[in-house]
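Read the single chain below, which is given as structure tokens and is the form predicted on its own.
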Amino acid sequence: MSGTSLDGIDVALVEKRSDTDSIALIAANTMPFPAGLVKQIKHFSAYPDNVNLIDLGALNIALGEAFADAVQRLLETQSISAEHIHAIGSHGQTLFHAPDHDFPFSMQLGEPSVIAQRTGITTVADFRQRDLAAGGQGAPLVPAFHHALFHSVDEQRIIVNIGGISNITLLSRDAERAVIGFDTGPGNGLLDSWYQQHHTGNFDENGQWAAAGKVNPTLLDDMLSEPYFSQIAPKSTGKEYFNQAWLNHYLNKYNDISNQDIQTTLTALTAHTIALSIQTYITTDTVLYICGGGAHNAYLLALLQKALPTLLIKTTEALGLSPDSVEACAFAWLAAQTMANKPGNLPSVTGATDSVVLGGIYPA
């Protein structure tokens, strides 16, 4: 799994029995992206109207090589050979997500043929497009995994994944009740981008820089007026929407806000949009579980707790799965669904007309 935050390639080694939805995480690792690939991905995402087809094709192959390398490194550290792996589930690197286009599509790079050939392991990829073909948003796809792994009859759970984009999954105690899930808006994407423009590091560790600044309420209210936030689900989004150009549209109206206060306000934006998205679903037995990179941002979690004072907020570590490994595990689970010819999407989440088998299989 490699998300829109571009903070690395997450690999999870997962055991799943065919007769149950439960999984066991054996090992996990995050491999840094080669710097040149990150630069290319950011450039293509920022300037989609100026994409060179040769560079695009080469990037697709290079990412396939990087994903294959990440898999092989993890297997080597665990002394496990490829013949013991049933399949690889590869989400791919999202370059552009356009579910509302006249011809809906979602483009993930990382050539699965290369992954299968280099690793000698059957690879499942291109998960989103079948859901789009069925009239869905193509995302988020992880709520089906959340339901399979985290559903409880003892409490209502809301799983919040804070990656480059944030998404939520509402899991009612009633297993027969439809799962609700959608992208809430920015997660770490804008935070990391702004931080990188003003520091040498890749992200605001623990939200320390933001915590020392002040929220600008006028800017925050202005950004919260963005139509996406009031749009009714099903809905999904990405960096083609919430990017530097989007941020500049709002910042151009203000000349007297410090760079640090902008970081603070962007952190508040992430917290507020998540909180606003789940307020109507809160019951007395609701517990919030955080996963993704945002689980390590102490200031962001403090703002979220302040916005939702009645909720108990934990990370998925409390459910037995590291918040850093949830999404990679989800695509291992989705690959297992595909290999078993079972549906992987939830129409109640994506808006698809049918439950469908996701992805394509590239045999070893």
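These figures come from a predicted structure and were not determined experimentally. Throughout, we count residues from 1 along the sequence that is shown.
Just so you know, the form predicted together with a small molecule exists too; it's not on screen, but the next bit is about it.
Give a yes or no on whether each residue among Thr4, Phe203 and Asn206 has a heavy atom within 4.5 Å of the small molecule in the model of the complex.
Yes, the whole candidate spot contacts the small molecule.
If contact means any heavy atom within 4.5 Å, which of 51-59, 312-320, 293-301, 34-42 contacts the small molecule in the model of the complex?
That would be stretch 293-301.
So which of Gly138, Gly92, Gly164, Pro143 gets a non-hydrogen atom within 4.5 Å of the small molecule in the model of the complex?
Spelling it out, the residue with a heavy atom inside the cut-off is Gly164.
So in the model of the complex, does any heavy atom of Asn188 sit within 4.5 Å of the small molecule?
Yes, contact at 4.5 Å.
Determine whether any heavy atom of Asp192 comes within 4.5 Å of a heavy atom of the small molecule in the model of the complex, and answer yes or no.
Asp192: contacts the small molecule in the model of the complex.
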